[in-house]
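Okay, so here's just one chain, in structure tokens, the form predicted on its own.
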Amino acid sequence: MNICVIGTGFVGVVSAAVFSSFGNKVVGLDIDPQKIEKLKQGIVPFYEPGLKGLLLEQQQAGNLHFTTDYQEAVSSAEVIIVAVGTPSSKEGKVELKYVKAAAESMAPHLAKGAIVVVKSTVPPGTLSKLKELIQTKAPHSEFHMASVPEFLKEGTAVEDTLHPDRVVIGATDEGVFAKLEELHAPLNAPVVRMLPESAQMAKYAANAYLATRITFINQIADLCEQNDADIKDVIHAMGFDKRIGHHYWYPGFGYGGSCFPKDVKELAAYSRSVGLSDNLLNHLDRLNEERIPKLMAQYEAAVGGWASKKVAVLGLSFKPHTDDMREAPSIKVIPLLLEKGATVVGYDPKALTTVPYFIPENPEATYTDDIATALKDADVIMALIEWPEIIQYDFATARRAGSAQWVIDARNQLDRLQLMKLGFQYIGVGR
């Protein structure tokens, strides 16, 4: 099958690489020539395990190539996958300018019967707007539209694409369903058919629900800190209920990353636009925004103030196995520490090149990919992210005899008893 993937960001590059690995002829399209040239050389603009090798392999096999030319990419494509960014406005509303630009640019080049698949996260009703745009630019074109949302997790995106829990296809035409089911058949995953509006809501709803679990358990953790309860025990007990399960309970600094904050804000903004302003989604967004300032105030009191203290901040990306720092705890925590007079050394095994885009330069802050360097002479150690390099580290080498040192375990992943035996003052979440 001939496929065009518009957008060479996280979703676009992963999708292009995986679909080409099934023997399809895939063209990755982007208007940024520098990005395209790097991809042709196998240089991925972000860190994602397993992606670079797959990208090079499929280009060498002749199944995948990249271009900036819409005519070249679109004219022979049976399926055009739109995977461009949909950022949020300050009010939280989804910004569709990149999706609309892609629709207008592809319009003159669409082959008869082509299927335009929107993989970008968009609100219900978007497909009809895009269809009108395309028809305005190409009144006589004959094409179909569908929504196939992605459910990838950064750090495991290749694996998630190859082995998805489900494939959601939103369409209205039997032929479109059949064609897209054929495209996804190698995945051997359940296919769920529905209307495009349902598919779009399914993506938002899934992310909002996962964000709700994180916010809920943070609220329970706060209550645990008011008594002798331990949130890890509480989660363990809850998990035996089959309706709840032991999975996906992450008390800490709240949800972050490129999807959860954006999607919750967009769903909240959408709810306000239809007159449902006083609902869970709007409160969810507010609680998450308040989470880090609240915890940092508690930690400041616990360590006796941040002024003149050296703080090792471990984990700069928003989660392990990615260099993505969008909505990462570090981008809020580090500026706050610096404002309060601390000296900061940030550590991350992959995100150092990303730091300048998210954290303003400050002479009191340095960054390293060597954890021992970060920990040297630290008064406070803040473990923000559960990189294996962090949770498996022997913190005995960082213990400074005869002086107070704190470990703030923002993910409850470190060995509390061992750290206390070493003489650290341990602070967890809900413990």
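Since we're looking at a predicted model, the values are computed, not measured. So that there is no doubt, residue numbering starts at 1 and follows the sequence shown.
Not pictured, yet referred to below: the form predicted together with a small molecule.
- Proximity to the small molecule in the predicted bound form, defined as a heavy atom within 4.5 Å, singles out one entry of 323, 285, 327, 150, which is 150.
- Shown without its partner, this chain lists 313, 259, 171, 116 as candidates; in the predicted bound form, only 259 has a non-hydrogen atom within 4.5 angstroms of the small molecule.
- Put simply, residue 244 is far from the small molecule in the predicted bound form: not one heavy atom of it is within 4.5 Å.
- Residue contact check for residue 408: none of its heavy atoms lie within 4.5 Å of the small molecule in the predicted bound form.
- In the predicted bound form, the small molecule lies within 4.5 Å of some heavy atom of residue 98.
- The small molecule in the predicted bound form comes within 4.5 Å of a heavy atom belonging to residue 9.
- Note that among 273-281, 79-87, 192-200, 331-339, the stretch whose heavy atoms approach the small molecule to within 4.5 Å in the predicted bound form is 79-87.
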